[in-house]
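First, one chain by itself in C-alpha coordinates, the form predicted on its own.
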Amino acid sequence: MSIFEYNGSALVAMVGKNCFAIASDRRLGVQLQTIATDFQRIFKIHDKLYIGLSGLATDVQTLYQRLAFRHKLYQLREERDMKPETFASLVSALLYEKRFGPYFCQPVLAGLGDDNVPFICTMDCLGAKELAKDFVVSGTASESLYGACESMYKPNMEPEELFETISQALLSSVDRDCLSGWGGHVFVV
(Lines give C-alpha, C1' and ligand atoms only; values in the text may rest on other atoms or scores of the structure.)
Protein backbone atom coordinates (compact mmCIF):
# COMPACT_ATOMS: atom_id res chain seq x y z
CA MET A 1 0.00 0.00 0.00
CA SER A 2 1.33 3.41 -1.00
CA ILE A 3 1.72 6.11 1.64
CA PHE A 4 -0.69 8.21 -0.45
CA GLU A 5 -3.38 5.58 0.19
CA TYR A 6 -2.79 5.33 3.96
CA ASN A 7 -5.59 7.74 4.92
CA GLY A 8 -7.70 7.50 1.75
CA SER A 9 -9.24 10.47 -0.06
CA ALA A 10 -11.25 11.65 -3.04
CA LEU A 11 -10.92 15.14 -4.54
CA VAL A 12 -12.40 16.66 -7.68
CA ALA A 13 -12.59 20.16 -9.15
CA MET A 14 -14.81 21.06 -12.09
CA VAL A 15 -15.27 24.15 -14.26
CA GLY A 16 -18.59 25.77 -15.12
CA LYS A 17 -19.67 28.98 -16.83
CA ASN A 18 -17.74 31.72 -14.93
CA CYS A 19 -17.71 29.44 -11.87
CA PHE A 20 -16.01 26.38 -10.45
CA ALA A 21 -16.77 23.66 -7.93
CA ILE A 22 -14.40 21.69 -5.73
CA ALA A 23 -15.47 18.65 -3.72
CA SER A 24 -13.94 16.08 -1.39
CA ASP A 25 -15.02 13.16 0.74
CA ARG A 26 -15.12 13.39 4.54
CA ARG A 27 -13.51 10.12 5.66
CA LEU A 28 -10.25 9.96 7.59
CA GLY A 29 -9.00 6.45 7.97
CA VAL A 30 -5.95 4.41 8.80
CA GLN A 31 -5.94 1.93 5.95
CA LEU A 32 -9.34 0.21 6.21
CA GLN A 33 -10.22 1.49 9.70
CA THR A 34 -12.30 4.68 9.82
CA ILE A 35 -11.04 7.22 12.39
CA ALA A 36 -13.24 10.26 11.66
CA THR A 37 -16.09 11.19 9.35
CA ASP A 38 -15.63 14.97 9.23
CA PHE A 39 -12.07 15.45 7.99
CA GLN A 40 -11.45 18.68 6.08
CA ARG A 41 -9.45 18.43 2.85
CA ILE A 42 -10.57 21.64 1.11
CA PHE A 43 -9.24 24.93 2.40
CA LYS A 44 -10.15 28.51 1.52
CA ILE A 45 -7.16 30.67 0.60
CA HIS A 46 -9.30 33.71 -0.24
CA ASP A 47 -12.82 34.36 -1.57
CA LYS A 48 -12.01 33.20 -5.11
CA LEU A 49 -9.35 30.54 -4.45
CA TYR A 50 -9.58 27.11 -2.82
CA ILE A 51 -7.10 24.27 -2.48
CA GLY A 52 -7.85 20.62 -1.86
CA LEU A 53 -5.14 18.33 -0.52
CA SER A 54 -5.31 14.55 -0.86
CA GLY A 55 -2.77 12.22 0.64
CA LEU A 56 -1.28 11.73 4.11
CA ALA A 57 -3.45 13.61 6.64
CA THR A 58 -0.56 15.01 8.69
CA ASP A 59 1.10 16.39 5.56
CA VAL A 60 -2.25 17.85 4.42
CA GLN A 61 -2.49 19.93 7.59
CA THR A 62 1.18 20.94 7.59
CA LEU A 63 1.17 21.93 3.93
CA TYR A 64 -2.00 23.99 4.33
CA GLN A 65 -0.47 25.91 7.24
CA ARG A 66 2.64 26.71 5.20
CA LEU A 67 0.57 27.80 2.20
CA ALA A 68 -1.71 30.01 4.30
CA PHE A 69 1.38 31.61 5.87
CA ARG A 70 2.93 32.31 2.45
CA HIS A 71 -0.33 33.79 1.15
CA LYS A 72 -0.65 36.10 4.16
CA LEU A 73 2.91 37.32 3.59
CA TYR A 74 2.03 37.99 -0.06
CA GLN A 75 -1.07 39.94 1.02
CA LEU A 76 0.98 42.09 3.39
CA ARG A 77 3.65 42.80 0.80
CA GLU A 78 1.47 43.27 -2.30
CA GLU A 79 -1.76 44.51 -0.65
CA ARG A 80 -3.88 42.22 -2.83
CA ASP A 81 -4.89 38.57 -3.11
CA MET A 82 -2.91 36.11 -5.17
CA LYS A 83 -4.15 35.14 -8.61
CA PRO A 84 -4.81 31.41 -9.01
CA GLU A 85 -1.96 31.01 -11.52
CA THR A 86 0.48 32.69 -9.13
CA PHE A 87 -0.69 30.54 -6.24
CA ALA A 88 -0.26 27.40 -8.37
CA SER A 89 3.35 28.41 -9.01
CA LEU A 90 3.84 29.00 -5.27
CA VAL A 91 2.47 25.56 -4.41
CA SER A 92 4.60 23.96 -7.12
CA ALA A 93 7.77 25.67 -5.86
CA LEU A 94 7.00 24.77 -2.23
CA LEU A 95 6.53 21.11 -3.14
CA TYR A 96 9.61 21.00 -5.35
CA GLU A 97 11.90 22.45 -2.69
CA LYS A 98 11.01 19.42 -0.52
CA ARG A 99 11.58 16.92 -3.34
CA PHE A 100 14.08 14.76 -1.39
CA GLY A 101 11.70 14.44 1.57
CA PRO A 102 8.37 15.31 -0.03
CA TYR A 103 5.01 16.16 1.41
CA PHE A 104 2.87 13.14 0.59
CA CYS A 105 0.09 15.32 -0.84
CA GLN A 106 -1.45 15.81 -4.24
CA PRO A 107 -2.99 19.30 -4.39
CA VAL A 108 -6.02 20.33 -6.43
CA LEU A 109 -6.37 24.08 -6.99
CA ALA A 110 -9.51 25.86 -8.12
CA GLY A 111 -9.96 29.59 -8.45
CA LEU A 112 -11.40 32.47 -10.42
CA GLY A 113 -8.89 34.68 -12.20
CA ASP A 114 -9.34 37.96 -14.02
CA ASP A 115 -12.85 38.54 -15.41
CA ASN A 116 -14.06 35.49 -13.42
CA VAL A 117 -12.31 33.02 -15.70
CA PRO A 118 -12.11 29.68 -13.87
CA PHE A 119 -8.71 28.07 -13.30
CA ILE A 120 -8.16 24.51 -12.11
CA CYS A 121 -5.03 22.40 -11.86
CA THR A 122 -3.58 19.50 -9.96
CA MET A 123 -0.03 18.49 -9.07
CA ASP A 124 1.94 15.48 -8.00
CA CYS A 125 3.91 15.46 -4.75
CA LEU A 126 6.92 17.05 -6.49
CA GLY A 127 4.95 20.03 -7.84
CA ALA A 128 4.56 19.06 -11.51
CA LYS A 129 1.44 20.96 -12.62
CA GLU A 130 -1.32 19.49 -14.75
CA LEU A 131 -3.67 22.17 -16.08
CA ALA A 132 -7.15 21.33 -17.34
CA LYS A 133 -10.11 23.09 -18.92
CA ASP A 134 -12.82 20.74 -17.65
CA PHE A 135 -12.04 18.80 -14.43
CA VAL A 136 -9.18 17.44 -12.35
CA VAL A 137 -9.19 14.60 -9.80
CA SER A 138 -6.92 13.33 -7.06
CA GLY A 139 -6.85 10.73 -4.28
CA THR A 140 -7.46 7.02 -3.92
CA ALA A 141 -10.78 7.27 -5.77
CA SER A 142 -9.22 9.04 -8.77
CA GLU A 143 -9.81 6.17 -11.24
CA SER A 144 -13.55 6.02 -10.57
CA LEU A 145 -13.71 9.83 -10.41
CA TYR A 146 -12.24 10.05 -13.92
CA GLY A 147 -14.93 7.75 -15.26
CA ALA A 148 -17.79 9.50 -13.47
CA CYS A 149 -16.59 12.98 -14.46
CA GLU A 150 -16.03 12.03 -18.09
CA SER A 151 -19.57 10.69 -18.36
CA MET A 152 -21.31 13.52 -16.45
CA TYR A 153 -19.33 16.66 -17.37
CA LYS A 154 -20.73 19.17 -19.86
CA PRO A 155 -19.10 22.50 -20.74
CA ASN A 156 -20.58 25.85 -19.59
CA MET A 157 -22.73 24.54 -16.74
CA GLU A 158 -24.52 27.02 -14.49
CA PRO A 159 -23.69 26.87 -10.74
CA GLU A 160 -26.77 24.79 -9.80
CA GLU A 161 -26.14 22.19 -12.49
CA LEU A 162 -22.42 22.16 -11.68
CA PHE A 163 -23.22 21.47 -8.01
CA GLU A 164 -25.46 18.56 -8.93
CA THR A 165 -22.95 17.12 -11.41
CA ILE A 166 -19.92 17.26 -9.11
CA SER A 167 -21.94 15.89 -6.17
CA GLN A 168 -23.20 12.92 -8.15
CA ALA A 169 -19.74 12.24 -9.59
CA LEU A 170 -18.18 12.30 -6.12
CA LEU A 171 -20.81 10.14 -4.46
CA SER A 172 -20.88 7.52 -7.21
CA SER A 173 -17.06 7.34 -7.16
CA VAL A 174 -16.56 6.97 -3.42
CA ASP A 175 -19.06 4.09 -3.45
CA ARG A 176 -16.48 2.20 -5.54
CA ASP A 177 -13.52 2.97 -3.24
CA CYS A 178 -13.34 1.51 0.26
CA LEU A 179 -10.69 4.04 1.40
CA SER A 180 -12.89 7.11 0.88
CA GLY A 181 -16.48 8.04 1.55
CA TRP A 182 -18.82 9.21 4.31
CA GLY A 183 -20.44 11.91 2.18
CA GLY A 184 -18.70 14.99 0.91
CA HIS A 185 -17.96 18.68 1.09
CA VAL A 186 -18.78 20.72 -2.02
CA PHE A 187 -17.85 24.37 -2.61
CA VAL A 188 -19.24 26.27 -5.61
CA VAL A 189 -17.81 29.72 -6.41
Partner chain sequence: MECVFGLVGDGFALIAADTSAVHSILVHKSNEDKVMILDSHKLLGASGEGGDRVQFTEFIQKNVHLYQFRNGIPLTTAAAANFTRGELAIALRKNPNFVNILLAGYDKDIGPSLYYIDYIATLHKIEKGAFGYGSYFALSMMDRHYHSGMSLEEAIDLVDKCIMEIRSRLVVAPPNFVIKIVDKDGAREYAWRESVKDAGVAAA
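Positions refer to the first chain, counted from 1. Source: prediction; values computed, not measured.
Omitted from view is the form predicted in complex with its partner chain, to which the following refers.
None of the heavy atoms of residue 132 is located within 4.5 Å of its partner chain in the model of the complex.
Interface residue remark: residue 62 is counted as part of the site for its partner chain in the model of the complex, having a heavy atom within 4.5 Å. Among heavy atoms of residue 103, some come within 4.5 Å of its partner chain in the model of the complex.
Using a 4.5 angstroms limit between non-hydrogen atoms, residue 6 touches its partner chain in the model of the complex.
The chain is drawn here without its partner chain; in the model of the complex, the stretch among 31-39, 134-142, 148-156, 116-124 whose residues come within 4.5 Å of it by any heavy atom is 31-39.
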